[in-house]
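First, one chain by itself: the form predicted on its own, in structure tokens.
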Amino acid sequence: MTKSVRVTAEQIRKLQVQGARNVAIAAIKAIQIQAENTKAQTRKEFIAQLCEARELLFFARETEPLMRNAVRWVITQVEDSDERKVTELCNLVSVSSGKFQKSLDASKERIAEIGAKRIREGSVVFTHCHSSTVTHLLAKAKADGKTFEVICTETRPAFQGRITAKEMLQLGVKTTFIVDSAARSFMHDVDMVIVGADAITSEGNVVNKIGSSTIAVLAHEARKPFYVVSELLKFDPATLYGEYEKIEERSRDEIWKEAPQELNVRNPAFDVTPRDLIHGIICEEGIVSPQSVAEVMHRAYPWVFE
């Protein structure tokens, strides 16, 4: 196991790499470096090392199907090849990693193009946490010449909303920053809600940063459309077979370092937004209903189900 894989896994675990897309890219780059520095002498040894790296990366963050799908795809390209030479297998890892990253980039551009059309002149957009896919969509709308405003939450306890706020200001977008608990007070002022996703289940429910489901309920109450912006590869195929998407629970210290020891502090990182609260999933295949996401996945990425 190379140092790169261990370091990357630790960075993912400690949230030093944030955003599902960034986590996926970091993971396949670590796999690529592992391959480039392998000391394996045989195909069997080489694949065993890749699988060991895969397990370490998977363990670093439970709620990351995009990362799992990315790593799984790269390793599958090696396992399905007839190549026996380690040098050629290493090259295949590099080529496959590059292809996957290009595919992700193309998906991101397509999502931005589709989603930006939903933002009308003068709109007020509400968002939660930080998603590079969401901010890229908003940047596309700005580049298209649209004037709009953004209201974003601080997103406790790690304050990822500050990243969103800074990026919006850099784009020249009028931005209002609020505490999470003020969401209901501002919901009637917005035209739409756009959030990212960490995982999509087979039922079309969406796992995202804690607080997202509350915001979806508030949007439903205020009759505001609630959109999820996501690459389809955040779909978790394990949920087709009865598994629940795991909700990572993080350290109590993120909430209150000096909390009394006898106090029970809970810190779930994500929650589940039911599909009935989601107006649509903006993805590379268009704007699809959450109820049809498994069908769309079968058509666009059949290898996920193999």
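Just count from 1 along the sequence shown to find any residue number. Given the structure is predicted, the values throughout are model-derived calculations rather than measurements.
Note that the form predicted in complex with a small molecule isn't included here; everything after this is about it.
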Next on the checklist: I'd like to know whether Val293 contacts the small molecule in the model of the complex, with contact meaning heavy atoms within 4.5 angstroms.
Outcome noted: no
Checklist entry - Cys129 near the small molecule in the model of the complex, any heavy atom under 4.5 Å? => result yes
Next on the checklist: Under a 4.5 Å heavy atom criterion, is Lys209 part of the interface with the small molecule in the model of the complex?
Outcome noted: yes
Checklist entry - Is there any non-hydrogen atom of Ala20 lying within 4.5 Å of the small molecule in the model of the complex? => result yes
Next on the checklist: Within 4.5 angstroms, counting heavy atoms, which one of the listed stretches 70-78, 192-200, 174-182, 140-148 is next to the small molecule in the model of the complex?
Outcome noted: 192-200
Checklist entry - Just one of Ser107, Ser97, Asn205, Thr133 has a heavy atom within 4.5 angstroms of the small molecule in the model of the complex, so which one? => result Thr133
